[in-house]
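The form predicted alone is given below as one chain in structure tokens.
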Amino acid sequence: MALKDVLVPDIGNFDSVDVIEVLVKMGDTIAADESLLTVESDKASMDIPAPFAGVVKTVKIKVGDKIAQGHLILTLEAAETASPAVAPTLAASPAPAKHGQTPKAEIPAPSRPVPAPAQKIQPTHQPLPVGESAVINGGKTSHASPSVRKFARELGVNLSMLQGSAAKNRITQADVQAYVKNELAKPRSENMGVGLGSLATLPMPVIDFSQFGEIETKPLSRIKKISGANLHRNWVTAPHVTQFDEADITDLEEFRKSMSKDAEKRGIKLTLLAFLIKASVNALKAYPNFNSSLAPDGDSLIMKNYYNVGFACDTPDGLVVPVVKDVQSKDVLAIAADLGELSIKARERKLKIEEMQGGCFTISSLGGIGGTMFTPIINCPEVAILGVSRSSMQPVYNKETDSFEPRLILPLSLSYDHRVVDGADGARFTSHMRMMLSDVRRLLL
């Protein structure tokens, strides 16, 4: 038996990742490839396995730590003949192994971290010093004298954003001055002359909701925190316009159902989304501005000669967007196979970082849930996103028979960046999609 250190393996292009769960403790006997801990990057959670079997002697990390490649995880008392297990990777495909090194393989299926229990918060009330006003900040009571409040109003400072440095968290004039200096020192974006700093909204009022009754606080998942910040940035940065349209998919749905049995024999679930992705690539080729990104300087367009389509996937941890690559070279069944594989990975939290990168265009389909139309938010730096709602049977007038016929109608909602796409091209794009979806033969060309 010999003591061996277990280090953090290659974690891809990340400086560090968060430890969200430690699965072993001192004295545990573990087998090779048994999960030691769960880490979380910006968009995915994954386990790090033991490189060899042994007995845990010391654990050097805890929940909440940030770790990087080479960081000491724990020490194991392992047999001298123990053969090292394959090391995991957290992101991109592994580089070729150097001579004498063990090649790296993909990380195994992660275990889901146990969510933090909801915290019960009871109403709390504290008496205020005479002549001072209370500012509720994160559940704590801070105080400020009338002169400090007047000083803050003159500078346009919201006292709820400050933490007092005096006794009982009382805010002083020096605290207000320090806050203003700190805000002025923050960097401001100069992209296209309109930075996020200049688009900042008024601060949300901080309210002690416990004064109205019993409350509880539940933490957001990391994915929701990251996606929320990105969605807010995309909404305030890109001027959104949404074009609404409807497509007659009666014939397409009949064709899809007729092909479903053949697809099932090949282990593929043929959904409408596969046809939507195929049709969107045809429309992207016809209107290449939709397959571009605005350059950081705002003075030029980056035109893309590849066609990767992302699709919004709802998971227990939040929204993720896997990307189907090289759609232009795949038929509908191949696209459906990729959709099924990526959807399973997303739900099981096994998506790799590269499987969520490189998208040109995104489709958000809510047809399986419901709704008529909605306004999807662009997944920047893409310039457009297609929202799809629930299809429904509607009476459609037929000039040839001078009668109304029941037709299956699919609502489409196309949001686009008005800096790149004008309204005329937006209408042309949805019209092209409508034409492709209404005649399934066009999708097979």
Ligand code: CAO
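The first residue of the shown sequence is 1; numbering continues from there. These figures come from a predicted structure and were not determined experimentally.
What comes next is about the form predicted together with the named molecule, which is not displayed.
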### Message
Is it the case in the predicted complex that Asn291, Leu414 and Met433 each bring at least one heavy atom within 4.5 Å of the named molecule?
### Response
no
### Task
May I ask you to state whether Val56 is within 4.5 Å of the named molecule in the predicted complex, using heavy atom distances?
no
### Task
Find out whether any non-hydrogen atom of Arg407 is located within 4.5 angstroms of the named molecule in the predicted complex, and reply yes or no.
no
### Query
Any of the heavy atoms of Arg149 lying within 4.5 Å of the named molecule in the predicted complex?
no
### Message
Is it the case that Gly368, even though its partner is missing from this view, gets within 4.5 Å of the named molecule in the predicted complex, heavy atoms only?
### Response
yes
### Query
Where does the named molecule sit in the predicted complex: which of 272-280, 205-213, 152-160, 239-247, heavy atoms within 4.5 Å?
272-280
### Query
Lys350, Arg170, Arg256, Arg222: which sits within 4.5 Å of the named molecule in the predicted complex by any heavy atom?
Arg256
### Query
Here the chain is shown alone; which of Met373, Cys313, Leu72, Leu301 has a heavy atom within 4.5 Å of the named molecule in the predicted complex?
Cys313
### Query
Since the partner is left out here, which residues of 318-352 would have a heavy atom within 4.5 Å of the named molecule in the predicted complex?
Leu319, Ser343, Arg347
